[in-house]
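Shown next are two forms of a single protein chain, provided one at a time as structure tokens under the names structure 1 and structure 2.
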Structure 1
């Protein structure tokens, strides 16, 4: 047994959980310390190769553990997530797993997102909420008959961008500042038969949008949203929609006030657990 470990800011706790959810060859343990803003993130792996691959992606250290009974660490793939009547998001990796999911859910489109080292398997409240909103928005846009474009800022696994392409967007682009997320998003786009979706490595905080999008989704954390509001607002096409998520309930008031100052007009907020998602337009 090998253990990868790393100290992290406590605010990333959910992101670590999501990254490892469904991973069958690495079991996550997060330890917090009273009064500290730091957590210890550990992944218990059967092989050194797996532990080292996590270290390669995320830094940290790897150590070997003495022989013990590790049966308690066995984990299972998370159940598929249904989105409205439209999608099932599952962690299928191989063609055989995909075929099995298609057989199990013949009336839904499958989005296959293996639980890799990028956020976004659909199990997190923020992703699930944005996916549902996306399905609703697409329905209205498709009724209008006009082509529509979507941008996924902080794409993680690429799940939102892939969903937009499946929902009929004429052009979809995603970005993330994490090179692993960009690579995994491209792999997932191929896996899901949406190869035209493009992904770029970009730090949203340094981004200067060159064009606009009818739907801009940004499931990033509140501090990034607050700092990036000028770019976010600028990237929304006239009459378009901005969806923000990854906002902790305790931060929502301040975050949305910052958005309002920058020109974000909130039309709807949805709270799920400790997370808030906001949907709105932008001032012309």
Structure 2
């Protein structure tokens, strides 16, 4: 693993996200510093060649990063995220840190996701929005008394799948193209007492759904969503819900139009900053 890094003015944060928004071979991390107008921009790459290509284009520095040092490399832990009246998402790693979080928030369920490689800690607008929608959907499904199942496509840290299990889903499955994300998701499932959640390494573009799910969440880059709409549509159970995120506002019109052509019926869109999340159903 190699990491490219560069200091930049905070006003260019959106521009950096735009530059890497479609990248499938570099994971962008932007760290801010309280009271400063400077950010640290980093891109984690599987190969030195990719990291060097970014350096050639944008300057900065490249260094090798050992897997076991990912957690130590993470910047200062962000504050906990409250999700409705149900969850608090924090970056607790140890049993002692978990106990401290539970003591601090006794009336909420804790989801602990250490900030490893920015795979998804609930602090990003897309993840936070889908978490809130998931809580609302689960409440309605649980009232019906019928068991429900959830699929988390592009699971990242596994946070959405873990939340679904804690919300009462009878079966939860997540997948990701990145084997490191699958490994971390499994570790997080154990950490959060949801070991029955299963995770698989799958390329969603080559995936052939063998079953359907009552809730399907796909927090993936817009271009992958557009190409994978046939698979996404097939994976939603009759009367089920599809949630899409990871879409920049500038990309939303074209992305949702592609979804409509494939049979996605948009019921709600939520814009948070420059990110758009869409919730909808599938044509019968």
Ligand SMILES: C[S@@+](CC[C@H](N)C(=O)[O-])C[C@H]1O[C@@H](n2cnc3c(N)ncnc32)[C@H](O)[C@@H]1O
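For clarity, every value in this text was computed on a predicted model and none was experimentally measured. Residue numbers count along the first chain shown, from 1. Rigid core: the largest C-alpha set superposing within 1.5 Å between the two forms.
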Pick out the form predicted alone: structure 1 or structure 2. 2
Using a rigid core alignment, state whether the CA of residue 253 is displaced by 2 Å or more between the two structures. no
If I superpose the two forms on their rigid core, does the C-alpha of residue 59 end up displaced by 2 Å or more between the two structures? yes
Is the C-alpha displacement of residue 272 equal to or greater than 2 Å between the two structures once the rigid core has been superposed? no
Once both forms share the same rigid core frame, by what distance in Å has the CA of residue 42 shifted between the two structures? 4.1
What's the distance in angstrom the Cα of residue 12 travels between the two structures, core superposed? 14.1
